[in-house]
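The form predicted alone is given below as one chain in structure tokens.
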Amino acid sequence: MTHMPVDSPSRDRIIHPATDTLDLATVMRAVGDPLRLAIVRLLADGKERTCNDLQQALGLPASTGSYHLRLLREAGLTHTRPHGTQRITSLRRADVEHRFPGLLQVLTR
């Protein structure tokens, strides 16, 4: 019987939509939730943050924070990368700006 190692590449693979597939309706649905909009606004300063940092800043349980971060990533607004046992999240500012010029400026006011 063969076992996959716990830290296999497939475990650390985080899927992000391509820039040219970002859909305005999906993005707007994602930021239509006040918590997700708050996450986007926190990330607007350009700093990367761990999931834990974002959850603490907003007073969210881990499961709730993970859910909202997943929706933002799937909408194409954020980028998440593995770093050991943590996940580091940042805003996909250049990609969103390329696809929807001026949108982040409006959302982060």
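One-based numbering along the sequence shown. This is a predicted model, so every value here is computed, not measured.
Below: the form predicted together with a further copy of the same chain, not depicted.
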Using heavy atoms and a 4.5 Å cut-off, decide whether Ala25, Val31 and Pro34 all contact a further copy of the same chain in the predicted complex. yes
Touches a further copy of the same chain in the predicted complex: His79 (any heavy atom, 4.5 Å): no
Please determine whether Arg41 contacts a further copy of the same chain in the predicted complex, using a 4.5 Å cut-off between heavy atoms. yes
Taking the shortest heavy atom distance, is Arg93 within 4.5 Å of a further copy of the same chain in the predicted complex? no
Does at least one non-hydrogen atom of Arg99 fall within 4.5 angstroms of a further copy of the same chain in the predicted complex? yes
